[in-house]
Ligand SMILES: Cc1cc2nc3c(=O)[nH]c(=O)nc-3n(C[C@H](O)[C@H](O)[C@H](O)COP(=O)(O)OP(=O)(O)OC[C@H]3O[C@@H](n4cnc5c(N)ncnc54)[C@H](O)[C@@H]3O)c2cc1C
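As a starting point, one isolated chain is supplied in structure tokens, in the form predicted on its own.
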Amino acid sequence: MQFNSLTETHIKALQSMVDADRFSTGESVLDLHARDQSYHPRSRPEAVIWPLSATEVSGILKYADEHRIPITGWGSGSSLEGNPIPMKHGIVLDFSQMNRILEIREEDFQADVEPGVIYQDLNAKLKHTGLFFPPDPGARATIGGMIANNASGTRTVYYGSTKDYVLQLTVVMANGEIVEMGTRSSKTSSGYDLIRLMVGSEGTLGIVVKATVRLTGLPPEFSAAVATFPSVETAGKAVFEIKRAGLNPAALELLGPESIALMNKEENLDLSVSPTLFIEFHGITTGQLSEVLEMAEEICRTEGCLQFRPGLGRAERDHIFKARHGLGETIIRNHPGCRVLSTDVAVPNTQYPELIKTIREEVDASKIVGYTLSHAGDGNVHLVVVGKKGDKTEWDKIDRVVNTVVARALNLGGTATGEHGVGIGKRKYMATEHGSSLQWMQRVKSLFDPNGILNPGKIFP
């Protein structure tokens, strides 16, 4: 696709569509929108616009489509695969000011939100209602960004991912047309599921300007436990057995010893430096949860568990999970002068121990610095690797390890990306993973965005 750079005529036309303080070509603003949290190279837009309404977004997209100007949506820039980096420059639409919680319908278990709403802020607003929005990617992500990337997180094993909570969307198409998709009904068998098509499309098919999301009840009781194991393989086997027993953990996180050591150092935790499972259960009564914990401990002991600490209080649980959520930033802080690459893959539950084994063998054999952290309950593994900036030899080794891990995940019947999305970093694996169905994805892209202006350079090789 051939795109046009912004001219003075373009800039004046776009400036007329929004208030003066919501359009910028300032150097610092462009730099702030040139990269996300990933290791991928910067690419600056030529202008940043902060829209406030669907009508404004419609006008901007209509103009951009007519003049072949690339458009990239921006939530909070917390993506890890370069998803919102404006590869072809053009315009970034920053939705941070389009952040209203429009309506909460408690009896319908629904909320209407704009794309710039941060999910933690929605949950804070919902707290007094006894409801919450479950997807929990950890970073202060916007709901628009979560929809674009089908965000998941620690609670996915029990509650599901973002796609399971989107009922209705208002989307601005590439040509500026405003389209409503889905229904507020809790179920439907009517027509094609355009909602599922939009969720996870990374802003390549349309720009979400409003969403109706499903809510669920806050659990009245919870219990958590920490279990340590002699190896990641035995811990992985325990994960499989806990799932097979039907215990339905709300969170089931497996961290390698190197990650535990770092968390101990940063958060003054007193955890054994071994492969460790963080397990959480939600339920109606403490009695029910006590029985579930006893069963979980029996399973873990059978699989060679070294230590099982049940019944963590809320304060201790919150401390541990805060450290878990902040582990990515902790790794960066502890390796100054280095680049950090975070890659994620996912496999069927039965193949999880084999994937963990492959990762450990590859990291050890290559003598690179790698941290393993995973949403073990749904077979989603994150490998965070660290290398010196500008050290080509080291980064060649890192690239080989990542390629081997992704290839192994695909061979085990898995995916190249469990929750980070395709973005820039995983494009090269798309043909291997999807085969001929990738051509149908490209046809869908061409139908929705014939001039290719929406987030170009993403998803497709």
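All figures in this text were calculated on a predicted structure; none of them were measured in a lab. Numbering starts at 1 and runs along the sequence shown.
Unshown form predicted in complex with the named molecule; subsequent notes refer to it.
Residue-level contacts in the predicted bound form: of 263, 347, 211, 141, one residue has a heavy atom within 4.5 Å of the named molecule, and it is 141. This chain is drawn without the named molecule; in the predicted bound form, the residue among 371, 229, 95, 352 with a heavy atom within 4.5 Å of it is 95. Within 4.5 Å of some heavy atom of the named molecule in the predicted bound form lies at least one heavy atom of residue 375. Residue contact check for residue 420: one or more of its heavy atoms lie within 4.5 Å of the named molecule in the predicted bound form. At least one heavy atom of residue 76 is located within 4.5 Å of the named molecule in the predicted bound form. Contact check for residue 137: a heavy atom falls within 4.5 Å of the named molecule in the predicted bound form. Of the candidate stretches 237-245, 271-279, 145-153, 295-303, only 145-153 has residues with heavy atoms within 4.5 Å of the named molecule in the predicted bound form. Residues 202, 203, 206, 207, 208 of 170-208 are found to place at least one heavy atom within 4.5 Å of the named molecule in the predicted bound form.
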